[in-house]
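Here you get one chain, nothing else, as C-alpha cells; it is the form predicted on its own.
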Amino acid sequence: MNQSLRNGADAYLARYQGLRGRLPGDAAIRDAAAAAFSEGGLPSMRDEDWRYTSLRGLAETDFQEPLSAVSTAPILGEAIDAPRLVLVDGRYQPGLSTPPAGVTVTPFSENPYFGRLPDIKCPMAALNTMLAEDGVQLHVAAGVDAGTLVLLSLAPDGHRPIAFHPRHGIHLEAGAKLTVLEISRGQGAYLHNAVTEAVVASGAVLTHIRLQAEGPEAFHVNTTFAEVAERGTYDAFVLTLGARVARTEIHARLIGPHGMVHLNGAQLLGGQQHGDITTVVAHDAPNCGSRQTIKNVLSDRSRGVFQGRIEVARVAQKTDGYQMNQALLLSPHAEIDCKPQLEIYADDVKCSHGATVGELDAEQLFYLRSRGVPDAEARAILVRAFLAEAMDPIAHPGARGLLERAIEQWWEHRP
C-alpha cells in the first residue's frame, strides 16, 4: 500500500476512535470491522478486486464530518409519484419523508442492524460498518405487495468536503414484493460510501433500481449484499452518470432452489470520470439462474470497469448463468477494462460470458445523416439503441421514464 492510502486509512481509524463512544449499536461489531480495516486499509490497485480502480484521490482528500443535517434542505424534484424516504448527508430526514403503507421503516440510528457481517472482507464495507451513523431499515411482511418506494440521498451543501456512510437494510418476507428506486445526487467534493443488505425470502420479489448522478467532484462507493431464498427474485439495475470515481459492488447469493438474480446496468461517463461495476453471484442451490448485462458509453478520457464473477457450488446443479459486458467508445482516449470470471464446481450447468468493445457504426451514422438527421441527434439515437438491451427489463414506467430522461440530459450536457 502506498503512503497516501495508508495515511488516508489512518485518518478514518482516528475518526472512529474519536466517535466510538457516540456511534449507535454494538461496539464489538464496529471494533471487528475497524480491526479488519486497519489490517487491509484502503484498497490499492495491487488488490486483485481493485486492480483497475484507484482510490488515491479519495485518500488525499481531507474529508470532514457532516454538519447537522438541515431539515429544510432542498428536495431535487423527481417526476415519479411514489412515497419517498430522504437522507441528507447520509442522515435520515423524517420531516422530508413520506413512508409508504405496507413498509415498516426504521432509522438505522434507532435500531442498528449489521446482518451477517460478510462485509468485513470488503474494505469499503468494513469502513462503513466502522463509521455508519444512519440509514434506513425496510421490512415488508409476508404476502404484502408494498409497491414503489423512492430512496433519495442528497449532499446539497458543496462548501466543504464531507464523508458519510449510510447503512440500509431491506427485508422481504415470504411472497412479499417491493420496488426501491434509489437516487443519489449532490454538489461539491464528498464521499458517499453506502452499504445495503437485502434479504429476499421464499417467493419474494425485490426490484432495486439505482440512479447515481452525484456531483462531478464526488466519490461514490455502493456495496450491496443480497441473499435470495427459494423461488425468490432480486432484480437490480444501476445507471451510473456522476461522480469523479464511482464503484458499484454487488454480492448476490442464491441459497434456495429456483431463485433468480438479474444484475443489469449502464455507465455513461465523460471527462476523466472513472466508473466500476463489480459483481459476484454465488449459486449455492440447484436450479437457479442469473443474468447480467452491463453497457458502457465512454467519451473523452473516461474509464469504465466491469468485473463479474459467477460462482457455482458443487450442490448447485442445473445452474443457468449468463453475463455480457459491452462498451461503446466515443473517443480514442476512452478506456474499458473487463474481467469476466466463472468458477464452477458442478458438472450439470449452463454458464456463459461475453464482452465486446466498439465505436459508433459509421454506416448507421451515415444512413441517419443522409436522411436529414443532425449529427448530434443521430449519435444520440445510436447510443439509445445501444443501451436498449440493458434497459428493456425495467418494467416500472415511472422508473424507466426517469432513467431515460437522465440519459437524455447526460447526452445534452455530457462532461
Partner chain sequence: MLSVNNLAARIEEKEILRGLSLDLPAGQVHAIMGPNGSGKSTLGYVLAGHEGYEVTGGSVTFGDADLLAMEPEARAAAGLFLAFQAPLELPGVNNANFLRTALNAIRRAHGEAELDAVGFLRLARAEAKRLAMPDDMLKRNVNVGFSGGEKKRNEVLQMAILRPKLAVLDETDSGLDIDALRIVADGVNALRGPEFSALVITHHQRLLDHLVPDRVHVLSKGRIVRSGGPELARELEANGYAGVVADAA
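Only a predicted model underlies this, so the values are computations on that prediction, with no experimental measurement involved. Positions refer to the first chain, counted from 1.
Although it is not shown, the form predicted together with the partner chain is what the next lines describe.
### Message
Please tell me whether the candidate spot formed by Val373, Leu382 and Ala385 is one where all three residues come within 4.5 Å of the partner chain in the predicted bound form (heavy atoms).
### Response
Yes: Val373, Leu382 and Ala385 each sit within 4.5 Å of the partner chain in the predicted bound form.
#### Entry: Heavy atom within 4.5 Å of the partner chain in the predicted bound form - residue from Glu363, Asp26, Asp62, Glu39
Filtering the options by heavy-atom distance leaves Glu363.
### Task
Using a 4.5 Å heavy atom cut-off, indicate which stretch of 27-35, 40-48, 54-62, 385-393 touches the partner chain in the predicted bound form.
Heavy-atom contact with the partner occurs in 385-393.
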